[in-house]
Structures are given as C-alpha cells and as structure tokens.
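Below, in structure tokens: the form predicted on its own, a single chain.
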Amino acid sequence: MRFYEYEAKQVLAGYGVALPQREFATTADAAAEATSKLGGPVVIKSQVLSGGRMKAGGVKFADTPEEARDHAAAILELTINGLEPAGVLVEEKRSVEQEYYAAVTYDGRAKRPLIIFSDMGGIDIEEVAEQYPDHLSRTHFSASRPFSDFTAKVAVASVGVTGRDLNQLTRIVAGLARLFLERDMTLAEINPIGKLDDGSIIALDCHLDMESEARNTHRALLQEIGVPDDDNRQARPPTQFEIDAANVDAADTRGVAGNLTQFDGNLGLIIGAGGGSLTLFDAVRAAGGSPANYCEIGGNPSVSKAAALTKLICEQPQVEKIAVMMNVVSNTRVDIVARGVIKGCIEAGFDPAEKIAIFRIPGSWEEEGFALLEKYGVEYVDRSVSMHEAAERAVAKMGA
C-alpha cells in the first residue's frame, strides 16, 4: 500500500529525520490558516498517490495566506493522472543549495535490501544512473541483522560526500533504512533531500510503499497517522468494489477469496493458485479479453465466502460474464468452489449456465464439483485443457 506524502513524513519523523514544518489541509481556508501559523513563504503540494505533481500544476508557491488560499483552491480541484487529491500539504519554503537522493528497496536478484544514494537529487534517478553513473551508489545490507550506521555512511561516502554533510546524510539514510526494515516497506524514498543555505540537511519529500500483508502488523502505526482499516490503497485510493472484496475476505478466515484489483473490462475473474492467477490474468488479456478485475481465490475458502465474492463480482454493472479458473489444486476442494460460485450467481440474480463463461479448477474432489456444474449447465474443463486454452474459451464466449 502507498502512503500520501503527508502520511509518509509523519512516519519518517519517527525515525529522527529532519523535515520542514508543515500542515495538512483539506480546504482552501485551512491552507490559508496553516500558512499564517507557519509564518512565511510556503509550498502548497497536492496530496495524490501519483508522481508528476509539479508538471501537472499540483505544486505552487505562496508568500501570503491569501495567495495560499487561492493556490490551494485550484489544486484541490485539480485531477492528476486520474486521481483527485486527498488534500494539500502546506510546507515552509526553504532555500536549497544542494539536492540529494536516497532510497531503500529490495534487490530481487541479490535477495538483499539495497540502498541507492546520489548527490544529484530532484531528478529521475533512472536518468542519473544512465548519464551520471559516478554520482550514484548501490549498497546492499542484511535484513536479518540490526542495521549499522556504518552501512549508511558507506553508501553516502561512495559518491564523494565528506565532512559535516556526510554525518548529516548518514543519519537520514540510516533512519530511512531502519524504517524500511521495521515497517515492512517495499520502497522508502526521499527525493530530494535538501541542503539548506544554513548548512542543515532535511528531507523535502518522501515516498513510502508498504507490503499489503503487513497491515495487521503495523495497525497501530496506520491508526496513528489516520489510515482507515479498509483503506488498502496501492497507486491510487481503493474503489468501493475493492473495499467490499477486502471485507468479504476479512469476514471469514477460511481460505482466500478477495485480494481484488478493479479494472474497466467486462469479464469478471475468479482465479487463483499462486502464480497461476497472474498467468491466467495475462492469458485472458493475450486472448483479447478485457478483465473487470484481478482476484485470487484458494486455500479452501468456505462456500459462503466463495459465494459472497462471486455475488459481488457478478453485481458489477460492467461484468457480462465471469471466468472461474485455477491451476491444479490440492489444498482447495473443487466442489466447494463450484458450490460457492453457483450460489453467488444465483444470489446475484443470474443463471449460472449463462453467467459463468468457463470453470477450470482441476484437483481434489473434482468429480463431485464437475457433477454439480453439469447439473446447473455450467461449462467446465479438466486438466487436459491448459490454462491458456481455458482463458481463450472464456474470451470467445464473450463474443458469442
């Protein structure tokens, strides 16, 4: 899940990282009041879960509360990359002499966390890596041992930073790395870090992405910064469809029937089996289909849970048919899923034979499941039909 900048800075402050004074506001009047409280020139930043705010006009500078009110009013009406702002961050404007970049992420190839640091902040790090490789360092470290400040110092010093700047930047990078480890982040990024005209160094922006599965572990933190329990946002706020699916999954601990992401297509998907769900989603798109959602089911969900998920998907107005597909399963009973999807279709007011384009879940208790599907006239296939062929058949049904 992704954090808004104002939330990310609240988390970052807990790790001893110096930040500008700031106030979050949801109205133009509140932005003017925040400017008065800060007592000087400010930056007004749109709070959206997207990049490109500056280019889109979502970042403005104001010298007075009146000017801040006008800018905030315009920004609050501004849609950026299809997203509406949750509010604006009103932050003191500081004079910056030098910008740096720092990020901590996970290197899948090395299977270790990685610090990326550059003395060329404020621009795309990909551009720095391509055009100015000497200005960027990559430093791996262990996720199983306590983080050492020395590792952060090596990352910063590797691009030639020395003296007081090295010590200040080491504290910031070390705090960012500890935040990454302790809060189960997939990305912790500050761009830019700013060296001010008085020689102090502070974080001017912050981007944090947390593992979705870590929500319960860090529930206290999320509550502290005001993130609702049902807000499972990623690169955008969750839709009501996604919130409802998460509630279905959370209401019953048996198995998985949720983890849903909404798209704008017309074929509802109930898919699963680990990487098989990704394979099936891609197979539907490769066959020319237009998924209405990505969704996972597995781990032996109850009939009621599978039914609730199916009913929810079927009730989406753009969904014409659904496809129920998995790889060969051993820990999920085929008959239970079959009962669930049939029940969900009927409860949503549809004939399962018409609404279900195809059912492809081979595995345990498949004879009982296939018998039930046959009773209701639902087309099903066994393991002799590949996942790709099943996806093609489902897409073909959409045009029939």
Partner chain sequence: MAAMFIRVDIADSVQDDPAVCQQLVEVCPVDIFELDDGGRVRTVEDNLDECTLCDLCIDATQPGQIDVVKLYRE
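Note that the structure is a prediction, hence the values are computed from the model and not measured. By rigid core we mean the largest C-alpha set that fits within 1.5 Å across both forms. Numbering follows the first chain given and starts at 1.
Another form, the form predicted in complex with the partner chain, is not on view; read the next lines as being about it.
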(message) Can you tell me if Arg254 lies within 4.5 angstroms of the partner chain in the predicted bound form, counting non-hydrogen atoms only?
(response) yes
(message) Although the partner isn't part of this model, could you tell me whether Glu367 comes within 4.5 Å of the partner chain in the predicted bound form, counting any heavy atom of the residue?
(response) yes
(request) Using the partner position in the predicted bound form, report whether Ala371 sits within 4.5 Å of the partner chain, counting heavy atoms only. (result) yes
(request) Determine whether any heavy atom of Thr105 comes within 4.5 Å of a heavy atom of the partner chain in the predicted bound form, and answer yes or no. (result) no
(request) Sort through 54-62, 39-47, 24-32, 371-379 and report the only stretch with a non-hydrogen atom within 4.5 Å of the partner chain in the predicted bound form. (result) 371-379
(request) Look at the candidate spot formed by Arg171, Leu179 and Glu182 and say whether the partner chain comes within 4.5 Å of a heavy atom in all three of them in the predicted bound form. (result) no
(message) So the partner chain isn't shown here. In the predicted bound form, which residue out of Ser302, Ser158, Asn266, Thr151 has a non-hydrogen atom within 4.5 Å of it?
(response) Ser302
(message) Within 4.5 Å, heavy atoms only, which of Lys355, Arg360, Arg69, Arg333 is in contact with the partner chain in the predicted bound form?
(response) Arg333
(message) Where, within 328-357, is there a heavy atom within 4.5 Å of the partner chain in the predicted bound form? Residue list please.
(response) Arg333, Asp335, Ile336, Arg339, Ile342, Lys343, Ile346, Glu347
(message) Taking 2 Å as the cut-off, check whether the CA of Tyr376 shifts that much or more between this form and the one not shown after a rigid core fit.
(response) yes
(message) If the two forms are fitted on the core, does Ala31 show a Cα displacement reaching 2 angstroms between this form and the one not shown?
(response) no
(request) Establish whether a shift of 2 Å or more occurs at the C-alpha of Lys343 between this form and the one not shown, with the two forms superposed on the rigid core. (result) yes
